[in-house]
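Below sits a lone chain in structure tokens, taken as the form predicted alone.
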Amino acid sequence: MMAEPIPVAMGQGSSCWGCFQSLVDMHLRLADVLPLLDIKYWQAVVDYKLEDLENYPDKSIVVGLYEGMARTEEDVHLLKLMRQKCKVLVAFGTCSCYGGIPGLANAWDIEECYDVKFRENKTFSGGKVPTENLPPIEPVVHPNSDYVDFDIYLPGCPPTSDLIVKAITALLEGKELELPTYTVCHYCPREKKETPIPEILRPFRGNADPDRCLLEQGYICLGSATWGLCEGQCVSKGVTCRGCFGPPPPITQDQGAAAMSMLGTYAPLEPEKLKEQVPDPLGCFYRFTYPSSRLGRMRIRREELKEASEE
């Protein structure tokens, strides 16, 4: 006899929906998982409304997956509501865990973002910031963990389908989810000789030795500072690690600072040369984790002080 389906909710903040797409990409394995799920809320797939989720008793939903960051007031409301209604809440994907690529917008204030997106965008008609039937936008991206406590962090941009299967299966069976804490370098088959590099190379320059560590060849690879839940999929195919799984546990580590420190040990170059050869350090080292980093925290604090002075 099949066990009773487990009540689950899947909430989506501001995101590309890629993490839930990765869930759908389980393909035939969905046939094993879906019968175990009693989907109570999934606004992009099942025709439930926000008020339906609001009307469920507190903690009546066993597992909740929240994808995306909280960019709008509606996102924040949904995030807090998911925490209120779910016994176990999962930060699903890198945006939910750390702020993700959209969190890089914190490098500019909200009015500058409006200028680029709407007022000065030649592909946008009218040049005005739309407000009708839209939730207000938060002035700065906070990590979701600033708003609620999560029980599980499942990063990745997106998480791999294998990782999702492992996590969902453990949650539905009531087992503890055990995730290895290795970095990407642990899974990399390339030889490491700890040799210094004379210059930083862009990914399209030169022909990388397929057997040597990419970082030691001058290509910026964040594998040493990145949680290896991907099991090294990119580096094993000759592509540098971009850091999309964030730092390994404890995930409160500053991934960007760790990656820059590692680069400094391999490339003892003068600051001016580093500045020239790494034109976008924020996008390179903090691409996925800027809001949750120490540097990002300083930016958030600056915005908080600004709001306080205007009140």
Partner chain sequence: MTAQEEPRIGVFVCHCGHNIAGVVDVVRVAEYAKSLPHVVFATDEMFMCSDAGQQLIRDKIAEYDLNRVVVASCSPRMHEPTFRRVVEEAGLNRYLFEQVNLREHVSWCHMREPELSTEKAIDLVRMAVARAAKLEGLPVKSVKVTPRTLVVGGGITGIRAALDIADRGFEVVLVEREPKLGGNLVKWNHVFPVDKSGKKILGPLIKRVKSHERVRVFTNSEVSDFDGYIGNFVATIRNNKTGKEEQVEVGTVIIATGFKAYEPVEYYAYGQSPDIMTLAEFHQRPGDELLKRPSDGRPVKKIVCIGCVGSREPGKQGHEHCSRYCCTAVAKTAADIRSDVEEVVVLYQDVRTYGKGHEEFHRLARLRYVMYSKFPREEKPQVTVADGELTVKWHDVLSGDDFEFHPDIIVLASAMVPPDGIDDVAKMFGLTRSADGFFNPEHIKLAPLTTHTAGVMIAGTAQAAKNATESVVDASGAAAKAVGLMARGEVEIESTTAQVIEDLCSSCHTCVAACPYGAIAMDESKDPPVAHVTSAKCHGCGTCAAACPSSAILMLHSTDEQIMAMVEAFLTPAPEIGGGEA
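Numbering follows the first chain given and starts at 1. These numbers come from a predicted model, not from an experiment.
The form predicted in complex with its partner chain is left out here; the points below concern that form.
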query: Candidate site T181, P248 and M262: all three near its partner chain in the model of the complex by heavy atom within 4.5 Å; finding: yes
query: Its partner chain: the contacting residue among E194, E120, D209, D149 in the model of the complex [heavy atom, 4.5 Å]; finding: E194
query: Contact residue in the model of the complex, from A225, V141, C97, C86 (heavy atom within 4.5 Å of its partner chain); finding: A225
query: 4.5 Å heavy atom contact, A258 and its partner chain in the model of the complex; finding: yes
query: In the model of the complex, R294 touching its partner chain (heavy atom, 4.5 Å); finding: yes
query: K166: touches its partner chain in the model of the complex, heavy atom cutoff 4.5 angstroms; finding: no
query: Its partner chain contact in the model of the complex: I220, any heavy atom under 4.5 Å; finding: no
query: Per-stretch contact check against its partner chain in the model of the complex, the hit in 197-205, 157-165, 183-191, 121-129 (non-hydrogen atom, 4.5 angstroms); finding: 183-191
